[in-house]
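First, one chain by itself: the form predicted on its own, in C-alpha cells.
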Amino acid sequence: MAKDEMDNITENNPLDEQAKGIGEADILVGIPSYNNAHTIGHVVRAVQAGLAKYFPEQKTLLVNSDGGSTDGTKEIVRDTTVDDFQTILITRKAAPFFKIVTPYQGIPGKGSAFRAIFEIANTLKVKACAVVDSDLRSITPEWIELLVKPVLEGGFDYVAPLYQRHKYDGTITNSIVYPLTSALYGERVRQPIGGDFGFSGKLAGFYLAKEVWETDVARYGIDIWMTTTAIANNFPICQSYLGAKIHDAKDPGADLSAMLYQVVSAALDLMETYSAVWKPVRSSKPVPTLGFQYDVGLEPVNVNLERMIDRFSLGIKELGVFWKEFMSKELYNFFTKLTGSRKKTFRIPDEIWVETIYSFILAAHRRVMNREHLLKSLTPLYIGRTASFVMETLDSGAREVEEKIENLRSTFEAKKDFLIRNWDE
C-alpha cells in the first residue's frame, strides 16, 4: 500500500475529531511510547504488515499514545509505512488502515498511555485490540495475528504473551509474579507482566470504567493489573506463543529494588481488591496456549554471583532488624545462618522462599511499616534467591529450568493456607 493510499490521521487534529473521521473500526493496535525513535519504526512496520497480511478485509487502526517524546518518536510513527508489500509477500490490503498519533493525558506512565488507547477503542467500537511495546526488536507481523485472532475467532477476551526467554531473564516473573499469580487466581498465565497483550473491545471498555487511572496503575502497574483484572472477572483468557522477546537484558543482580517494589506492590493492591476471589482458590490449571512453539536463539544474560551473594549478606546485616518485626524466628534464623555459607553451599529452598514472599505480603497487608520501605527491603533476599537459582541451574537446559519454576509454583499453592490463615488476623 503506497503512503498516499493510507488514511494517516496525525496529532495535528484533536483526538475526538480524529476518531470521528474514522467512525468505527474492527481492529486497533496500540503502541505506547516515550523517546523510542531508534526502535519504533520497526514496530510500526511490523504492525502494519501484520494487519495487512492477516486482516486484509478488516478496517484497522494503529494508535501511538506518546508521553511527550522529544527525540522524533511521533514523527517517525507518522511517517513510517510499508511502501511495497510485495517485497514481504503480502497482497494489497482491501480495507482501510488508519493511524493516530496522540499525546496521552494524566499521570506520566504506561498505564495512562493505555488508557488513551482504551478510550479510542471504546469510541470506535473496536472488536479486537492489541498493545505492543515500542522498543521491540523481535516483533514480526505474525505477532499481530497471534494477539488478535484469538479474540476475533476464538472467543477469548484476553490474550497474554508467551515468550521463550533465557533461563536467567525475567527472574522477578519466574520467582514471584508467575507462581504467586497462579496460586492466587488459579490460572497459569506464564507471562502476566509480559507487556504485549491482545484483548476484546468489551474488555477495553471494562478496563476503562475502572477507577484506577489516578493511582499507581497509571504509572507502572498496568501489565499485572490487566492480567489479574481479566482473570478475576472471569473473562475467557489464553496465551499465544510469540517466540523470543528481544530487549536489553539486565543482570539479575543489578539494583532492582524500584522494579521489585512496583511489581509486588501492584500485586498486593490487586490482592486487596480481589481477596474474595483468590481466597477460595485451592489449585491452578493451565490456560489454553496458541501458536507454534519452537526454539529460538536467545541473548545471553550475564550474572555476577559473587556480587549477588555479597549484596544478600550486606542486606542481612543492615535490614535484619526490620525483618524481625514480621518474620518467624525460624525464617529469620535461616537467613542469618546463610550469610556464613560458601558459594558452593549457598541455597534458598522453595519452601523458604515461598514463606518469605507470603511473610512480606502479610506484613504489607497489616501495614507493620511503610509499604515502600518494607517491599524494597525484600531486594537482598530476592537477589539471594536468584543467586541460589542460578547455581542450581548452571548446567540445566530450558526444559529442566521450566520444571523447577513449575515446582516453585506448586509450592506457592501448597503453602497458600499459611497466607489465608494469617490474612484476616
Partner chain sequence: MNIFQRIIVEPFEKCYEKLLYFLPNLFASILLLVIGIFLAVIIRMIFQKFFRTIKLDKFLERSGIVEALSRSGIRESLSVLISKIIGWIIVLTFLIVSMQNLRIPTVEQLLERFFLYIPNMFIAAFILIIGYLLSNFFRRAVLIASVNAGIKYSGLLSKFVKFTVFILSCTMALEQLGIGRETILIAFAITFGGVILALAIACGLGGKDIAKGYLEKKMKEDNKGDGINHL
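Note that the structure is predicted; figures quoted are calculated from it, not measured. Numbering follows the first chain given and starts at 1.
There is also a form predicted in complex with the partner chain; it is not shown, and the following applies to it.
Stretch 257-265 is the contacting one of 257-265, 288-296, 180-188, 228-236, since its residues have non-hydrogen atoms within 4.5 Å of the partner chain in the predicted bound form.
Although the partner is absent here, Thr386 is a contact residue: one of its heavy atoms lies within 4.5 angstroms of the partner chain in the predicted bound form.
The closest non-hydrogen atom of Glu119 lies beyond 4.5 Å of the partner chain in the predicted bound form. Among heavy atoms of Phe322, some come within 4.5 Å of the partner chain in the predicted bound form. Residue contact with the partner chain in the predicted bound form: Ala244 places no heavy atom within 4.5 Å of it. Listed residues Ser377, Ser359, Gln58, Asn36 were compared with the partner chain in the predicted bound form; Ser377 is the one with a heavy atom within 4.5 Å. In terms of contact with the partner chain in the predicted bound form, the residue from Ser134, Ser284, Thr171, Thr80 that brings a heavy atom within 4.5 Å is Thr171.
Contact here is defined as any heavy atom lying within 4.5 Å of the partner chain in the predicted bound form, and by that definition each of Asn304, Arg307 and Leu314 is a contact residue. Interface residues of 354-384, taken as those with a heavy atom within 4.5 Å of the partner chain in the predicted bound form (partner not displayed): Arg366, Arg367, Val368, Met369, Asn370, His373, Lys376, Ser377, Thr379, Pro380, Tyr382, in sequence order.
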